[in-house]
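Shown here is one chain on its own, the form predicted on its own, set out as structure tokens.
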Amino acid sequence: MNAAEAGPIIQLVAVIIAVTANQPRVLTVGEATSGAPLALPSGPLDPAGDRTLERALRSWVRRQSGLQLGYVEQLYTFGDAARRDADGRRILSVAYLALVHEQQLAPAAGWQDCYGFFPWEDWRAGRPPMLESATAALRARTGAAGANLLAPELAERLEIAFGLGEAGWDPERSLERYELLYEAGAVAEATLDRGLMPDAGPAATLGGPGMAQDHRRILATALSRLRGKIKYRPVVFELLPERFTLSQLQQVVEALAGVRLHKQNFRRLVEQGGLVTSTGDYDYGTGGRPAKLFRFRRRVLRERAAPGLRVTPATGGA
């Protein structure tokens, strides 16, 4: 039986996100000291034995990391023609997004800083220095196109994705930025896919370790999706304890969005949206004035079709 007759392989991939100490973290498997790239938890679907894709995914995550998943949603299906195994069989990856609280994992699994993989995505301390290297690599590719008809299109994509025009930085374009850098050969996966070592090209100047297969592209997709969902779904509360302060809520939103938010505007938005309700208790461990404790007001799910947080950065840019 040839590869076409055998049919595609269905791979299940989990992007598992937590926010710890105000940093978005992703669960990876593999030993960072081995030299092999880290990967997202994943495994093949058994068409005969697995009742559903989601159950199979949960089983793979449990076996590889020891983690029992709670909130899970399907993210995207990746099926480019070039995604094939050693025998030429096409690989379809069905990715899922899960939000959890960070916890101890099996020895072969660990938590990694999401922005370690995308150092140009975190604007909370201002414009990332890494961004200059990223846009320089892309400008060089645009210039190298010369009279090629794609040059204007590349320039426009660069301007929109990296916020170089009037519109400014859009946090939700994480995937577009990664794909542009991949096309320019400016990330580790691009050089690996071309049979080169990661330090053999411009990827070394950009930082951000590569991941196995196309898992960093899948992670970029999840980051874009999560940043967008904040606006119309209360997913952020999956990452908070049952009782929290408004400062904790803001810090988690900022961690995911990668931007700073105006404190008073954020609190006004939360109150107007009816997303939280006071517990009547206070957190006395803040080191200053005791802070009110709140909990997610679940009734808002029945009151509004899109109960999210349409946040904007503290300044005109990010």
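A residue's number is simply how far along the shown sequence it sits, counting from 1. All of these numbers come straight from a predicted model, not from anything done at the bench. Rigid core: the largest C-alpha set superposing within 1.5 Å between the two forms.
Below, we refer to the form predicted together with another copy of the chain, which is not included among the displayed structures.
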- Message: Counting any non-hydrogen atom inside 4.5 Å, which residue from Ala136, Ile160, Met130, Leu246 sits next to another copy of the chain in the model of the complex?
- Response: Ile160
- Note on the structure: Students should find that, of Pro47, Gly70, Gly280, Pro290, the residue having a non-hydrogen atom no more than 4.5 angstroms from another copy of the chain in the model of the complex is Pro47
- Task: Would you check whether another copy of the chain, in the model of the complex, lies within 4.5 angstroms of a non-hydrogen atom from each of Ala86, Asp113 and Arg124?
- Result: no
- Query: Does the 4.5 Å heavy atom contact test between Leu53 and another copy of the chain in the model of the complex come out positive?
  - Reply: yes
- Query: Do Glu238 and another copy of the chain share at least one heavy atom pair within 4.5 Å in the model of the complex?
  - Reply: no
- Query: Would Ala212 count as touching another copy of the chain in the model of the complex under a 4.5 Å heavy atom rule?
  - Reply: no
- With a 4.5 Å heavy atom cut-off, would you call Arg304 a contact of another copy of the chain in the model of the complex? yes
- Message: Heavy atoms within 4.5 Å of another copy of the chain in the model of the complex: which stretch in 162-170, 179-187, 212-220, 113-121 meets that?
- Response: 162-170
- Query: Aligning on the rigid core, do we see the C-alpha of Asp281 shift 2 angstroms or more between the shown form and the other one?
  - Reply: no
- Message: Once the core is superposed between the shown form and the other one, does Thr52 show a C-alpha displacement of at least 2 Å?
- Response: yes
